[in-house]
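The chain below stands alone and is given in structure tokens; this is the form predicted alone.
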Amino acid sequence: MSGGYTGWVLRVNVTDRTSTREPLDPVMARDYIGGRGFVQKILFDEVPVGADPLGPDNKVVCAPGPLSGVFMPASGKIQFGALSPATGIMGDANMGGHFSAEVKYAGYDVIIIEGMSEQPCVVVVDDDKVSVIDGSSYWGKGSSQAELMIKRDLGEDFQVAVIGPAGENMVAFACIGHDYGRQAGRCGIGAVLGSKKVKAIAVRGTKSLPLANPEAVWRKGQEMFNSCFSKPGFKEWTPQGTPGVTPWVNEVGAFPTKNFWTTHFEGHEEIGGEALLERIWLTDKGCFCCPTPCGKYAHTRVGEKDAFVEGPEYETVALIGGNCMLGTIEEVAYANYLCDELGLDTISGGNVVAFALECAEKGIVTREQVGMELRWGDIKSFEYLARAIAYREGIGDILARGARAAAQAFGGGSEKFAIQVKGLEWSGYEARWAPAMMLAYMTADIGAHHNRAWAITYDVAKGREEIQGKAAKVIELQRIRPAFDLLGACRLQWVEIGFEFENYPEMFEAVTGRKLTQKELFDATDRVWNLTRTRAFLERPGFGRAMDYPPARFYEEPVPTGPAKGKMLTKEQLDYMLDDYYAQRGWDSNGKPTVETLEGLGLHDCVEKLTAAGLM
């Protein structure tokens, strides 16, 4: 293998507690780059169509990228993926912290967890020594508590990825925690680990990274760091991190409030970045090699309860704060702490709790069904529901399946305000007055998620009434942003401080010795995108345009209050944008990739499988 890759895949079977080292496929490295590319390709090839996401045939794949662990800004990203219990299609989740670099230093480009253990276990990777040890003493513990115990037992220099009780109980939106506050949050990958009774993966690595040109890496790394420090946005953005965008999102009428009923939260000053810094902030906390630490380590106290927590990040402020109408940064941070310890994704968790609150408000679920009276803006209601979901108690057993499945169970018209696409709950930007952002959520390959194309700034800059041309911008962003997930780097420097994207292909060449043109990189992201889309057609009968629509609230109910009052996108406008998007993607009118598109990307196996399934 060339520089940047260790050349090894580690496969751990927790059924018989064996492990094997396999050489990394150089063709996969060439075509899929790393990270999310490796995750999705391996899932596509190895997990059979129709597999139970919580059954023995599913696998958890985690992969850093070729730039992970390299001397450059924010090279600490890793991808976890599996067939998602939330959506039923291939899903993945991005995580920062220090786990990614440690996997590379241990000598691996991919770790695959397969099989099912009968007893709780921990996968331990100590360079070339790999073992599956008893995890019974950690089972049932909160994520941070278990991580601390594992580090005390194995050594402080291990990096640990761990699930909480929600993962153990296979909640559809259970996350994986790491470094006492980082999460691989989306798609319920924590539930898949829980189904395998894997409490944690602990990694320690002492090897060096193979580099094609170490001197060029050193020079380019210094240049990238100095460039970050000199950007005008560096000093402006870093102090508050992601919560600093709260006032802007609220001002443009895109802040999720009361289960996305409206888009403007009157009390946003009490839950945003300034409130965090003034009232609960202790120190900044960054991921591996990060010059712009967005993590804000904080202490919060609510009544007689207090907690230390990393956060809240903006998504938590939006989905737990505004969306559940919690009115203080202390309450939002405490709710964040609860979700982290229980192992719940705060994006999906905030959505599902808000959905339950609206169902209670409308009488779709009764106080007797719930077990208490639920109220908006009530931290006790949030805590009650979060714990019920994590332990699957009472109504929490239904809510633990996610908003879409819960709406199907509750009925009463609740499907209209179950805020999700393809079964994945919507992240922190309301889009009835943001056509490009709406389309980005509709077409995100894993379900409603902003990290594939954060297009709302384009809407604001280019016109929020205009729908023409929005598809082209969404596709452009869906090529650029996922590229970071392939490379193993964080995108926030590019997004927030204007760091030039061209730096990353240049560093890739210094690390690997391979010149990677922008077209080749974007072809790789398109390859992953179409692979994932193809698998969705194979996996879900009737998949296509119908599953790309947002919930009816977004095209039947105009925004009732705030700057976006009266705004709404019609179904006809959504169809116009989908038609435009599908055409530019090279898909048919139902959103299925054509033979020409797949063949042009070298995805011959996709054509073969679609043809064999009678879908071509």
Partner chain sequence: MRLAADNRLCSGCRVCQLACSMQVLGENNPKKSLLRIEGHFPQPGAYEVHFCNQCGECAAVCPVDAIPMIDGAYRVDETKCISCMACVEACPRGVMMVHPRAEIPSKCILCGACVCMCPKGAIYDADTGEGGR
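Quantities reported herein were computed from a predicted structural model and do not represent experimental measurements. Positions refer to the first chain, counted from 1.
Separately, the form predicted in complex with the partner chain exists; it is not shown, and the next lines address it.
K.L.:
If you check in the predicted bound form, is T206 within 4.5 Å of the partner chain, heavy atoms only?
P.N.:
Yes, T206 lies within 4.5 Å of the partner chain in the predicted bound form.
K.L.:
Is there any non-hydrogen atom of R367 lying within 4.5 Å of the partner chain in the predicted bound form?
P.N.:
R367 lies outside the contact set for the partner chain.
K.L.:
At 4.5 Å between heavy atoms, is D157 in contact with the partner chain in the predicted bound form?
P.N.:
Residue-level check for D157: yes, a contact with the partner chain.
K.L.:
Is R301 close to the partner chain in the predicted bound form, meaning a heavy atom pair under 4.5 Å apart or at it?
P.N.:
No.
K.L.:
Decide if the three candidate residues G244, V317 and A409 all line the partner chain in the predicted bound form, where lining means a heavy atom within 4.5 Å.
P.N.:
Not a single residue of the candidate spot has a heavy atom within 4.5 Å of the partner chain in the predicted bound form.
K.L.:
262-270, 541-549, 167-175, 218-226: which one contacts the partner chain in the predicted bound form at 4.5 Å, heavy atom to heavy atom?
P.N.:
Heavy atoms within 4.5 Å of the partner chain in the predicted bound form occur in 218-226.
K.L.:
Tell me, which of K285, K258, K196, R533 has a heavy atom within 4.5 angstroms of the partner chain in the predicted bound form?
P.N.:
The option sitting close enough to the partner is K285.
K.L.:
With the partner chain left out of view, choose which of F499, Y105, Y429, W237 has a non-hydrogen atom within 4.5 angstroms of it in the predicted bound form.
P.N.:
After the contact test, the surviving option is Y105.
K.L.:
Within 74-100, which residues come within 4.5 Å of the partner chain in the predicted bound form, counting heavy atoms only?
P.N.:
Just H98.
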